[in-house]
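First, one chain by itself: the form predicted on its own, in structure tokens.
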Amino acid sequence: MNKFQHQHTAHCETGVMSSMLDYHGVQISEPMALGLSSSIAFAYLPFIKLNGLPLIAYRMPPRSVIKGLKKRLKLNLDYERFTDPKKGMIALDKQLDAGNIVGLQTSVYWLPYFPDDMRFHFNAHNLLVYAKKNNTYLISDPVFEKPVSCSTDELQKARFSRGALAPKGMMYFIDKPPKPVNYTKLIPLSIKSSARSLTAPIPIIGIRGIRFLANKLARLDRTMPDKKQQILFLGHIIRMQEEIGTGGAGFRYMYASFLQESATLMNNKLLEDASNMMTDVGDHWRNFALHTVKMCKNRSHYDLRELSKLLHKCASEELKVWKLLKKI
């Protein structure tokens, strides 16, 4: 095992897995963790509500990065959950005493080192605990620049918070050294899996899901006449895209980095072209977010049909990338 080093990354789950694998001697970048786990996605799920608004996801569900890498890399990675909080903390201490680092699923709201304006009830935030001194846990939270710390009582509360996606004290760790990564085999498998998901013939999933949401925006003034409610809905789309994890544009940029890294590893021009195209896709998502925010803040003309067109553009450009990647 290597000496643990904190990494500041864009997203918690990819960052945790990249750091954990590096600690165990397998250097995998955060973009490679996203790509190999086939965790990029899109879904518009009106039957699942967050504060009364539909769930809009730009990645696979929480824990998909962890589970995806475990499956692809054949990791000896153990999960544990607990009904008794005290037993959960004892199990964590046991792993730390054995010299292991431990991934935890927690609630953002109860982590004391998060600024007040960043706290909200989200139960799927991942972090790494790498040591304990007296009554204080030393934590590598990937979304922070430097390591942080947390008392036993505070961490227990964050691990055993209730509500949607309740973590139930979930912890995970690698208990045997991972094998070297066969990139030549795993990269094409991972890309094909993502391409199938994004081009699936399901109305609310992938490219069709993006178009479904775009069409909803075009008729939002009829289905939701109250402009205040419209603005709440639009703000929710952008919050899910840009603030929850790395969101729409952020995940597209990260996936572009994965494709670029893969192009170098495999000496593949197709992957290099796809990487450049995916970067452009990220720009289209960011442009959609910018226009939406300006409209909501009365800084530009309020035009739902224009937003719909921008979102259709995101779908069209992203479809080109997945069609190209299907040829790998």
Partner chain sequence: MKKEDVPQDNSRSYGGHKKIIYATTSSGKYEKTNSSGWEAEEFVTLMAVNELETQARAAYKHLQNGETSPLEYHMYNSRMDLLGLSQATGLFQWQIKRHFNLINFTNISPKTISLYTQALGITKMELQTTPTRGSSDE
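Since the model is a prediction, treat every value here as computed from it, not as a measurement. Positions refer to the first chain, counted from 1.
Below, we turn to the form predicted together with its partner chain, even though it does not appear here.
Note on contacts: among Gly163, Pro225, Pro177, Gly99, the single residue with a heavy atom within 4.5 Å of its partner chain in the model of the complex is Gly163. Checking Leu232, Ala124, Val181, Ile204 against its partner chain in the model of the complex, a heavy atom within 4.5 Å turns up for just one residue: Leu232. In the model of the complex, its partner chain sits within 4.5 Å of a heavy atom belonging to Ile238. Its partner chain in the model of the complex is approached by Lys157, whose closest heavy atom lies within 4.5 angstroms of it. None of the heavy atoms of Lys86 is located within 4.5 Å of its partner chain in the model of the complex. In the model of the complex, at least one heavy atom of Ala256 sits within 4.5 Å of a heavy atom of its partner chain. Stretch 5-13 is the answer when you ask which of 302-310, 20-28, 315-323, 5-13 has residues with heavy atoms within 4.5 Å of its partner chain in the model of the complex. If you take 35-51 and check each residue for a heavy atom within 4.5 Å of its partner chain in the model of the complex, you get Lys49, Asn51, in sequence order.
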